[in-house]
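One chain comes next, on its own, written as structure tokens: the form predicted alone.
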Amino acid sequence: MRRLVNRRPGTAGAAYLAALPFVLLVAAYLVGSAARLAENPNDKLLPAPSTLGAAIERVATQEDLRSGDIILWTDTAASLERLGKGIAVSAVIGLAFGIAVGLIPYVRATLAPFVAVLSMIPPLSVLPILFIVFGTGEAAKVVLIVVGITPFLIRDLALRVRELPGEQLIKAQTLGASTWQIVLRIVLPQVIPRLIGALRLSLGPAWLFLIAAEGIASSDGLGYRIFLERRHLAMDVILPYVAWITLLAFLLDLALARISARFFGWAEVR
């Protein structure tokens, strides 16, 4: 008897199974929306597809009367810029300190406990402190992303460095390699794929911290728009914005996955 753990769907079956949860979610929304609107045509909780379409067309193609901008693209550009800066800074810090903590015993003894404690601090709890120190401008939003994901990156990369075969390090030293050469020629090439994987796992938290910061103190951005429209119960705008954020996060994750497969295919799990 073929066990369930040994059965695999074909290409068409895998595509069908992947689409099934999304189809069920959309169907559930349509049924719920129709039921609520039948009871109350002015219900705002689950807008009709036509209402959602009109809202999307408005925010994506029409200029805002107050600012003159097309708000969806202005908000998207602002949020992606903040997210990109935060992830880039976190990646550089995480890579540098992750390698140092994982490779050099003195650094590990000094910083590993400190980083472990930092990783336990809820990042959103320090948001008021960041606003006090950095103000309500761009810096606080970027720093929140850095504070939120950098400790995780450091710990993850340090573990990866410590998992490297000791024979590689011993052989390199036998051949006369310095610590710096070991970092550049042995450790760094094997840690970069892990960094990309860690960044993929960090995208969700990074978006969370960004949306929270924008919702509290900002004049543009996807998070700002969601919190602004919440005051008016404008679910016809909020729901498309949430879907748009989800799509952006998926595309970023896909881009990182493609980069990893293209340049570090040897590190991919088969």
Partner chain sequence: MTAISVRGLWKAYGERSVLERIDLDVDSGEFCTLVGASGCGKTTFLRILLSQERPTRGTVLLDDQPLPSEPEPSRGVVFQRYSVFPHLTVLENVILGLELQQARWLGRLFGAARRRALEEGEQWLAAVGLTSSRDACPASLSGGMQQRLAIAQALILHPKVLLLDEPFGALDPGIRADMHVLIKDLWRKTGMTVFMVTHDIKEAFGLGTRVLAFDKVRRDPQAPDAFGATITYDLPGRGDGAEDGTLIPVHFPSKPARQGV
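Values in this document were obtained by computation on a predicted structure and should not be read as measured data. Positions refer to the first chain, counted from 1.
This next part talks about the form predicted in complex with its partner chain, which is not shown.
This chain is displayed alone, yet in the predicted bound form one of Thr74, Ser119, Thr136, Gln190 has a heavy atom within 4.5 Å of its partner chain; that residue is Gln190. Only one of 120-128, 153-161, 173-181, 98-106 lies within 4.5 Å of its partner chain in the predicted bound form by heavy atoms, and it is 173-181. Shown alone here, Val147 lies farther than 4.5 Å from its partner chain in the predicted bound form, counting heavy atoms only. Contact annotation: Gly84 falls outside 4.5 Å of its partner chain in the predicted bound form, judged by heavy atom distances.
Heavy atoms of Pro165 reach within 4.5 Å of its partner chain in the predicted bound form, making it an interface residue. Contact annotation for Leu80: none of its heavy atoms lies within 4.5 Å of its partner chain in the predicted bound form.
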